[in-house]
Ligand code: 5GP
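Take a look at this single chain in structure tokens; it is the form predicted alone.
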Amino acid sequence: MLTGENNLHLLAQPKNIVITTHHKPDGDALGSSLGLYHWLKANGHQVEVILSSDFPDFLDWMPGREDVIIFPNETERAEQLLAQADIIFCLDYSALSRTNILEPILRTAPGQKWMIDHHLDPEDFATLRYWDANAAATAQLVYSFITDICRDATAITAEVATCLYAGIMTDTGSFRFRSTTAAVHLIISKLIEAGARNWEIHEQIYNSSTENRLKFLGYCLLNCLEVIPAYNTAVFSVTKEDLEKFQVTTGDTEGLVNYALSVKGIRLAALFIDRTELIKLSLRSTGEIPCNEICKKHFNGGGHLNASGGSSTESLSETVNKFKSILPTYKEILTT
């Protein structure tokens, strides 16, 4: 759904543009941001990507990543760019709170905010909104924004294609999630035709683990995984001591929850991580089990039907016990 399309004419002339995404960006967040960055720059705009935090090492190969501004490292420059921006793109988040320390600055920034996103329940902050909760990834929407909305299909360069391919690939679990439709595969074929080297992108993202990350994964599988057969549920609980022991950095826990979901018969998987100030929660499910409902009702979060996140200010053990106490409510759908 596109609203505010009467503002698209602003792109006809060079503008000062800032691209933002959510805190602790994943492959879709960074891929969609850098894909849009390359397209806007090629069209003569002055463009900057500003992040509220660092990003995983396995994404530190994307074209344009050297130009990304990390807000805590360049606060004064970032604030000035946001204040001067004619347009601020808000990618892969539906609520300004998802940008963490950028939220108050974005709320008062004078430039128009253009949202491109696929998460549920979008906050009403955008002048232009291109939103579809059924899209597989925000990178998919950026592709259609360029090719369908702005009618510039010939501008999909190898750099744009590489970034968007990475975004779609990671948010679809390498094209195995139910969101991977025929339309998604058609877009992927166009991105490969435009120069995305699919085998190299897979290699960069999935075959670049550090020794510490692999040892951390093995430790979690052996010591932190609990299977709850009565509810076809599996849970990872990771303490702050575990994080310190393996020197866990941004991105090292990415995908861990999917190992719990890979256990035969498991229909709901949860990952709880003690981040000191908060307990962070990630849920994954199969079928119609509503991760988004569980996170929204009980853990101050939300997301998609089969993939959502949330947080808790209670202790790790209290948060896990709270999650377990909720399972009987969903017993019928978890066990049928």
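Everything numeric here is computed off the predicted structure, so don't read it as measured data. Residue numbers here begin at 1 and follow the sequence given.
Keep in mind the form predicted together with guanosine-5'-monophosphate is missing from the figure; the text below concerns it.
Relative to guanosine-5'-monophosphate in the predicted complex, residues Arg98, His119 and Ser282 are all within 4.5 Å by at least one heavy atom. Of the heavy atoms in Pro63, none are within 4.5 Å of guanosine-5'-monophosphate in the predicted complex. Interface membership of Gly302, defined by any non-hydrogen atom within 4.5 Å of guanosine-5'-monophosphate in the predicted complex, is confirmed. Contact annotation: Ser52 falls outside 4.5 Å of guanosine-5'-monophosphate in the predicted complex, judged by heavy atom distances.
When guanosine-5'-monophosphate is considered in the predicted complex, Gly27 lies well away from it, no heavy atom lying within 4.5 Å. Looking at 304 to 312, 66 to 74, 53 to 61, 38 to 46, the stretch with residues near guanosine-5'-monophosphate in the predicted complex, meaning non-hydrogen atoms within 4.5 angstroms, turns out to be 304 to 312.
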